[in-house]
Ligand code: IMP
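One chain comes next, on its own, written as structure tokens: the form predicted on its own.
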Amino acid sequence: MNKTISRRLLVSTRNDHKVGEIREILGADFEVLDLSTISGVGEVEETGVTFEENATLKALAVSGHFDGWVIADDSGLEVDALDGAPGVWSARFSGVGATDASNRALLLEKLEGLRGKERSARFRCVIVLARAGRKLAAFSGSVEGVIINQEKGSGGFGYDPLFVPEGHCETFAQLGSEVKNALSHRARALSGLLAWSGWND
């Protein structure tokens, strides 16, 4: 007998990679939808200067179009040698028309000549939960690591081929989804969502 899905959750994104990770991490207790399942929602301009501000903008904009729980995730890479950049601009790091590949290339260029701990960085994620146009909670998670000097691995997305998490010798792109989803910044933020006390209020 199939287990009954207890909660429908709309993720305010059209990023298939991100939605796939969230589905894997949350498991069968959630039916995870994305923006392709509803109409009338345009692109939300991410004008915030923090991950939480951007996640809040996306969650609130979509929660008015969906009768149920909505989450929005804003996440990115913070590199200490770059004073926390690219940060909230991680997806747009290399400018107009940025791609994952062009962002990684620019990052390697900016870190050229730095070694070891000089390449320290972290992935950070903030997830905002909303319903009916009201922000209910925010959850954050981060994972420390270093940026290596060449891409390794074919899994993951974004900066994963360059990021080796603390305690490991392989990049997120090499470790595979099962390992990544157990220790990633997104997994840590989602653990807060899972533990949230307001689900049954």
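Just so you know, these numbers come straight off a predicted model, no measurement behind them. Numbers for residues come from their place in the sequence shown, where the first is 1.
What follows is about the form predicted in complex with the ligand, which we do not show.
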property: Interface membership of Y159, the ligand in the predicted complex, 4.5 Å heavy atom rule; result: yes
property: Exercise: A91 in contact with the ligand in the predicted complex, heavy atom 4.5 Å; result: yes
property: Heavy atom of K18 within 4.5 Å of the ligand in the predicted complex; result: yes
property: Distance check, H185 to the ligand in the predicted complex, heavy atom within 4.5 Å; result: yes
property: Residue stretch of 151-159, 60-68, 35-43, 132-140 approaching the ligand in the predicted complex, non-hydrogen atom distance within 4.5 Å; result: 151-159
property: Residues in 61-82 close to the ligand in the predicted complex, defined by a heavy atom within 4.5 Å, in order; result: D73, D74, S75, G76
